[in-house]
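There is one chain below, alone, in structure tokens, taken in the form predicted alone.
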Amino acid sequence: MTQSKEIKKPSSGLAARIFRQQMFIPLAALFLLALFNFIMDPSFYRISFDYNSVGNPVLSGNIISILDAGSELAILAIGMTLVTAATGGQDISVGAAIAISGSVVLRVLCGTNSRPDTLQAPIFVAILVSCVVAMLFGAFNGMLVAYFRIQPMVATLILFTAGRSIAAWINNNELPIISDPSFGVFGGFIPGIPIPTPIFIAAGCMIVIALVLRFTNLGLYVQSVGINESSSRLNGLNPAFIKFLTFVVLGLCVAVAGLIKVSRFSSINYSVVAKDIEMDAILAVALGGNALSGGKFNMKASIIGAYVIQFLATTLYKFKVQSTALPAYKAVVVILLVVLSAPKVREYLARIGKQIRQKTHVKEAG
């Protein structure tokens, strides 16, 4: 009997440690969605070869769609995680900023003609200009938050309100269209490669941020400022600059996401492009188990959270839920996260778990 107790106690401890892991929430949500779809319709996971409009073979299926459509959100989750961890607030202007960066790309490529027969500038130049503009807008938000000490949500409300009008103004309120197929590669497929290009772009961004966090002190500095700004200052850090830098990084993420968005259609609709994506980016950070009040963060969990959101959206579309109803389902996820994150709820669950373990040990001893 003693030997049996020695075997069972570690297992209960292991279960408790698993539940406490930050990755548990997004992985559990991913597992539940995967299991639901497997039970309801195993064909959900079927992947097949099809041909696109130009006759190139491409992979198609729900999993490919999730990885493809979730690319922009995963990229935004990287920058949003850093901003949240450092400032304890969120940037609600990323959707409008995507409209601006996408509009800049099209303006550079189209020149003065909104429907040119040929590109008026190299695509690389358009991407570079877009990155600079998006980072400048990120710097504007960062300056308001870091140096003027305005709450992040209030500071970014300025660009949230004016951003789409600025995007329309950049192209003289016209809807530019690019007919050159080379531009569509970034949001579509590279000829001869059946996997959507946004998947590669998102993977590249993940590799870059992983290397940055691994070989620099950015992650440590961000967490230090988010946990205790005064203490980090006493340790020689510049909290204002760290906060400012996170907004600039988010601006770069916005530029990449904006490139993918406009490349998908080779055009832009200022009022619709990236609509409500800021809420999804914040939800991805929360779903990853990161505290929205700042401090410690887990980048991998945020990225998984982004794909969980896209998995949920794809599942709902699969079962013919109207797009207008999607925010309601996401609101349910937000409510569950907020409730489970509440200190009193966590204490209550921990107390119940402790009582269950005690009763189990008493039965084993008996």
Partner chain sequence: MKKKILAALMVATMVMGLAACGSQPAANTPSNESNAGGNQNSTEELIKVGIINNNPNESGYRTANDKDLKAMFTEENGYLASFSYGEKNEEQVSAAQKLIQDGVDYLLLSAADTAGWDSVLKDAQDAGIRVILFDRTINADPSLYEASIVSDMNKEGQTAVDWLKKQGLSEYKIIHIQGKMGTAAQQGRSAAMDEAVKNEGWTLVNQQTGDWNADNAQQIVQSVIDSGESFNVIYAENDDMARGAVAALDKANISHGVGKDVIIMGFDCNKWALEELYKQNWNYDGQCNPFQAEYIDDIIKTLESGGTLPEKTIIMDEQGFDATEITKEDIEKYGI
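Numbering follows the first chain given and starts at 1. This is a predicted model, so every value here is computed, not measured.
Keep in mind the form predicted together with the partner chain is missing from the figure; the text below concerns it.
Trainee: Considering non-hydrogen atoms and a 4.5 Å limit, which listed residue (L33, M40, V58, L27) is close to the partner chain in the predicted complex?
Mentor: Exactly one residue meets the criterion: V58.
Trainee: Using a 4.5 Å heavy atom cut-off, indicate which stretch of 244 to 252, 165 to 173, 208 to 216, 225 to 233 touches the partner chain in the predicted complex.
Mentor: Stretch with heavy atoms near the partner: 165 to 173.
Trainee: Would you please decide whether Y51 lies within 4.5 angstroms of the partner chain in the predicted complex, comparing each non-hydrogen atom pair?
Mentor: Looking in the predicted complex, residue contacts with the partner chain include Y51, since a heavy atom lies within 4.5 Å.
Trainee: Since only the chain is shown here, I'm wondering whether K300 would be in contact with the partner chain in the predicted complex (any heavy atom pair within 4.5 Å).
Mentor: Looking in the predicted complex, residue contacts with the partner chain do not include K300, since no heavy atom lies within 4.5 Å.
Trainee: Please tell me whether any heavy atom belonging to V272 falls inside 4.5 Å of a heavy atom of the partner chain, as the geometry stands in the predicted complex.
Mentor: Yes - in the predicted complex, heavy atoms of V272 and the partner chain come within 4.5 Å of each other.
Trainee: Might K296 be said to contact the partner chain in the predicted complex, defining contact as any heavy atom within 4.5 Å?
Mentor: Because no heavy atom of K296 falls inside 4.5 Å of the partner chain in the predicted complex, the answer is no.
Trainee: Three residues, N113, S130 and F186; all within 4.5 Å of the partner chain in the predicted complex via heavy atoms?
Mentor: No residue of the spot touches the partner chain in the predicted complex.
Trainee: Could you run down 294 to 320 and flag each residue that has a heavy atom within 4.5 Å of the partner chain in the predicted complex?
Mentor: Q310, L316, Y317, K318, K320 sit within 4.5 Å of the partner.
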